[in-house]
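One chain is shown next in structure tokens, namely the form predicted on its own.
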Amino acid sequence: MPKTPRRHQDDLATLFSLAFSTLNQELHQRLVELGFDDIRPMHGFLFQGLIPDGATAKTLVELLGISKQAVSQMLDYLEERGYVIRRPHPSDGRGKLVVLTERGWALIKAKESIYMNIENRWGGIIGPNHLNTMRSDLKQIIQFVGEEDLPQKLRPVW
């Protein structure tokens, strides 16, 4: 006798996706309220690659798993809006290092504050200990999966 399929809402992939969407939508709504209305969800993973000391475009290509042209376009967009700046690389005379500007760091601080508020609210719903256990469990799963022989690196999905 075949198993009855789980309801769509009970599937872990769907639940993770919905939780991520909820978090991301609230984050960007709050960022707009704080004057960061030109930031898109796809920029968040690029910013993570720049913390704390910047990165080269090549490093960002590898991190994000997208083309050099796509990274260059994102960097142009963010540089035009004052979030990043390209500087000469300190150890590679031909290379450029992309670093956050004051506005970029202000965005990062705002994001961290918003995430903290969301996580505190979620902790109020399920309990702070459960939230911390969930965080720890997810880190463990990601670390384990990252150590397996996967055909490609683990990369963010946006």
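When you see a residue number, it is the position in the sequence shown, counting from 1. All values derive from a computational prediction rather than experimental measurement.
There is also a form predicted together with the DNA; it is not shown, and the following applies to it.
Determine whether any heavy atom of residue 131 comes within 4.5 Å of a heavy atom of the DNA in the predicted complex, and answer yes or no. No - in the predicted complex, heavy atoms of residue 131 and the DNA never come within 4.5 Å of each other.
Mark residue 65 yes when one of its heavy atoms lies within 4.5 Å of a heavy atom of the DNA in the predicted complex, and no otherwise. Although the DNA is absent here, residue 65 would touch it in the predicted complex, with heavy atoms inside 4.5 Å.
Report yes if any heavy atom of residue 52 sits within 4.5 Å of a heavy atom of the DNA in the predicted complex; otherwise report no. Judged by the heavy-atom cut-off of 4.5 Å, residue 52 is well away from the DNA in the predicted complex.
Taking 4.5 angstroms as the cut-off for heavy atoms, does residue 74 touch the DNA in the predicted complex? Residue-level check for residue 74: yes, a contact with the DNA.
Does the DNA, in the predicted complex, lie within 4.5 angstroms of each residue among 23, 34 and 135, using heavy atoms as the measure? Checked in the predicted complex: no contact with the DNA for any of the three.
108, 57, 118, 99 - the one with a heavy atom within 4.5 Å of the DNA in the predicted complex: Selected option: 57.
Just one of 99-107, 36-44, 119-127, 23-31 has heavy atoms within 4.5 Å of the DNA in the predicted complex; which? Partner-contacting stretch among the options: 36-44.
What residues, if any, in 74-105 have a non-hydrogen atom within 4.5 angstroms of the DNA in the predicted complex? The stretch 74-105, when checked against the DNA in the predicted complex, contributes 74, 86, 92, 93, 94, 95, 96 at the 4.5 Å heavy-atom cut-off.
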